[in-house]
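Single chain ahead, by itself, as structure tokens, in the form predicted on its own.
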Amino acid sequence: MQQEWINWSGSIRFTPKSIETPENEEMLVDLVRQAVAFKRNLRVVGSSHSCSQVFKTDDILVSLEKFADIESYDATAGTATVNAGMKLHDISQALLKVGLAMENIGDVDYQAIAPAIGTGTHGAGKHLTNLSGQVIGLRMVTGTGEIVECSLEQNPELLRAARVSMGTLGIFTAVKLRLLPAYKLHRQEWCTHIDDCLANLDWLMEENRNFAFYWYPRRDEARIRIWNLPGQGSTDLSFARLDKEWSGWSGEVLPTPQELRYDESEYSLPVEVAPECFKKVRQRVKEKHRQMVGWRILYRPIARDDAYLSNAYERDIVAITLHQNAALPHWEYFTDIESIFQAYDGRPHWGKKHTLKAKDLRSLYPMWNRFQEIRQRLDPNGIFLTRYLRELLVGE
């Protein structure tokens, strides 16, 4: 019997012809080669947290839930190779046991690592890259069934193309991460009026290791979140009220439990124009959407990187994220604000909702054409392309 697949928010539903859970690379290679032989399509899925259609397929859906271990680690070098289906939370726990930690993770930690990397998922911190920036090597099964490895030393261009590729170059089976010795962070959450937050934005982003703020439209207030190594960063915000604070290992205090389900749209803007863009978004929400939208808007700085389709390719950015209760309509709100993001040269998050197609995206990514050349070489039969991904990457 065919099984319906539903994403975390409930807004993506589909029924693939089959759901496969290979136990090793050999079984995955066999799946890919069969898909080529019978001209079928194949998509890989992690924890289904994405609310875009990036993993949706009506053909073969591949879960890597059995690829969920630490393959190897080197505490002295500060590296580890982890299986592609391992959840971020589990990685944090496993690395802590051997004295290591990821440099940064996001507000949510139940995603599988490969899809999180492949969609450009990130945390918050002006001097910290998205998750893909922590990848120094990877192994994948290409669209011809070949197992390919690349790293900073071995075929670095392929690594730059593959890091943020949404599984269209191949299916990751393992990624090698650049890590830090296990470390603790002190987390503080401050409440203030949004105008005071914006007036102090530059030094808040510069002074604190991790920084983000939520804007609550109906109260016009901000909740500032900062994380720092013990004894570092801001300790007294004179314009704000400290609501709560606590300390712990990085993997325990960086994420936040998510009690309510929501859909998201997110664009990344050059850091220089992000405050002005946010002010336009704020104005539009107050004028047009505040009655329907009570959910917060998130503002996070991220450091530049060199992944071809990264939201931060060769520019420091700020990601502005719209949230809407999963039980309420979202498209009218998201598409209206999307026009503001686009006016500021925004790049969409691949795992969140947006309406852009290949003709809109091509000019946003300087290495777009080179990425497509590599994609076509590694998946010449297009077995990883669904209708959604063809519209996104090819323009068909």
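Just count from 1 along the sequence shown to find any residue number. Being a predicted model, the structure only gives us computed values, none of them experimental.
Not pictured, yet referred to below: the form predicted together with a small molecule.
Interface residue among P270, G233, G78, G106, judged by heavy atoms within 4.5 Å of the small molecule in the predicted complex: G106. The contact residue chosen from L179, V164, L159, A116 relative to the small molecule in the predicted complex is A116, the criterion being a non-hydrogen atom within 4.5 angstroms.
Not one of H89, L237 and G251 places a heavy atom within 4.5 Å of the small molecule in the predicted complex.
Look at 333-341, 354-362, 367-375, 37-45: in the predicted complex, residues with non-hydrogen atoms within 4.5 angstroms of the small molecule sit in 37-45. Among heavy atoms of N155, none comes within 4.5 Å of the small molecule in the predicted complex. Of the heavy atoms in S72, none are within 4.5 Å of the small molecule in the predicted complex.
When contacts are judged by a 4.5 Å heavy atom cut-off, Y262 counts as touching the small molecule in the predicted complex. Proximity of R347 to the small molecule in the predicted complex falls outside the 4.5 Å heavy atom cutoff.
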